[in-house]
Ligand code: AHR
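Below you will find one chain, with nothing else, as structure tokens; this is the form predicted on its own, and questions on how it binds or moves follow later.
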Amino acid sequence: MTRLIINPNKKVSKINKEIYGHFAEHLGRCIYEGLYVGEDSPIANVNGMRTDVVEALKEMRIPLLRWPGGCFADEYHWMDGIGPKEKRKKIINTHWGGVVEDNSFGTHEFFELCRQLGCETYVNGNLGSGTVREMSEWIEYMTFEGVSPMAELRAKNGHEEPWKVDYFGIGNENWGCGGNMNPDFYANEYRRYQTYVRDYTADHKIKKICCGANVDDYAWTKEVLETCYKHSQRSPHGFMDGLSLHYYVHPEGWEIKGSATEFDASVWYKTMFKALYMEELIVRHANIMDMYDPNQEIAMIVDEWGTWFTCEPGTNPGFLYQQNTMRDALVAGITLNLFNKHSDRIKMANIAQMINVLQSVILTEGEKMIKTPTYYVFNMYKYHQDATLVDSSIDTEEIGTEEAYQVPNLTESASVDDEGTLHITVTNLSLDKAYEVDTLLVDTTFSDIKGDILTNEMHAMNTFDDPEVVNTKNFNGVEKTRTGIKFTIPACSIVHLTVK
């Protein structure tokens, strides 16, 4: 019998809804065909945005969308994507697939998409190949209300009222595709560029995101913060609201990656092991951040995360299209439980990417659309958004096929929403063993328990021919006990319980 202890009365931290954010880059078929089909498409749309995709994302309660990249952001010149579509500049997308980018999806289209989704906006600026003036004028174009050249240009292009930019990234992966910079050089560029990302309204502050580390580059985190603090008349808080972190799960390594659909048990556990490595990254980067920001005023922003496998055979290798199985679902469940547990430091995270790229929640093919196993995890976990993390712990045992890649059999997190409802999410990483879980709910009375479950064999996936292989079902095997609840979690599964 496995013991799970939850104390709903011991509040830990708020789980920002932005932890459940998403990322859409001009990459492969994420934007075009995935989100945007154009106003004249036979596929049902509103102002060019696919109706079926928008409705699915709204059901999942998407809280935030990051755009236009990614690597694409530091080659993106925003003026190419405004004005009449037939006059917009066509370019080659040198990062992703070498295809023509016609810029028909630009600033106006992004904010229209976010309006339809009802989500917050995270715009990534071009520091790598752009100028301070270009970034400053983009902010003015998007947010200034009054008389100015950029506000007038926005009105001329059909949108008189300004938009709200909730988050703005000052460059992306500037240690790599964003300019191959050293940390001290980037930090000084960050200081300069962010100065001109101005708040034009008193009642809305743009939160500025600084480019943080790639995986375990702890020296980058330290040197960026050190340079940002140097000769400062104030702490970086105020001109830095968040520091990013990027980490992808490559079970077979960066060069090989491995198939998204063909793998054995040893690769399964290796994938789980590498997903759990996220916690070490969070803790060690947070410890460095605490040296400079002991009051934790600067948030950790994991704005790119997820699985990255070899693209599907027969597809453009620059499009990063991969299928999505129960393995991806478990990675999502594990990672979101970790983010919940570290919500004192992590205030935003964006899975990469939303549609048709890497660990997508949705795949499209012409008029067809499917929800992936990862989609269903986000839909189950949506109740944690803006809830309060509460104290919880679970007994675990080490499992796996190889000594080097042993993992705990279970992970969990629990939160209480504004109505006092307790939400519990548990993942079972085992491929062949179910576990009976006896849950102690400390000093808690309740009258109603509901549950849903996502489970199948490890290779199970949804296809355009068979789109309902993996989806959530009611989980009825929960018993009320004298001190809490008891249930059995099947192998290779994710369970969400609602306790009222």
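As the structure is a computational prediction, the values presented were derived from the model and not from experiment. Counting begins at 1, following the sequence as shown.
Note that the form predicted together with ligand AHR isn't included here; everything after this is about it.
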Review point. Quick one: in the predicted bound form, does every one of Glu25, Asn172 and Trp308 get a heavy atom within 4.5 Å of ligand AHR?
Key: yes
Check your understanding: For His246, is any heavy atom within 4.5 Å of ligand AHR in the predicted bound form, or not?
Key -> yes
Practice item. Answer with yes or no whether Leu358 is in contact with ligand AHR in the predicted bound form, where contact means some heavy atom within 4.5 Å. Key: yes
Check your understanding: Does the 4.5 Å heavy atom contact test between Thr427 and ligand AHR in the predicted bound form come out positive?
Key -> no
Practice item. Would you please decide whether Thr325 lies within 4.5 angstroms of ligand AHR in the predicted bound form, comparing each non-hydrogen atom pair? Key: no
Check your understanding: Quick one: of Ala352, Ile298, Ala260, Leu281, which gets a non-hydrogen atom within 4.5 angstroms of ligand AHR in the predicted bound form?
Key -> Ala352
Point to revise | Of Leu320, Leu225, Ile346, Ala213, the one that lies within 4.5 Å of ligand AHR in the predicted bound form (heavy atoms) | key: Leu320
Exercise for review: Please determine, with the chain shown alone, which of 438-446, 38-46, 458-466, 66-74 has non-hydrogen atoms within 4.5 Å of ligand AHR in the predicted bound form.
Suggested key: 66-74
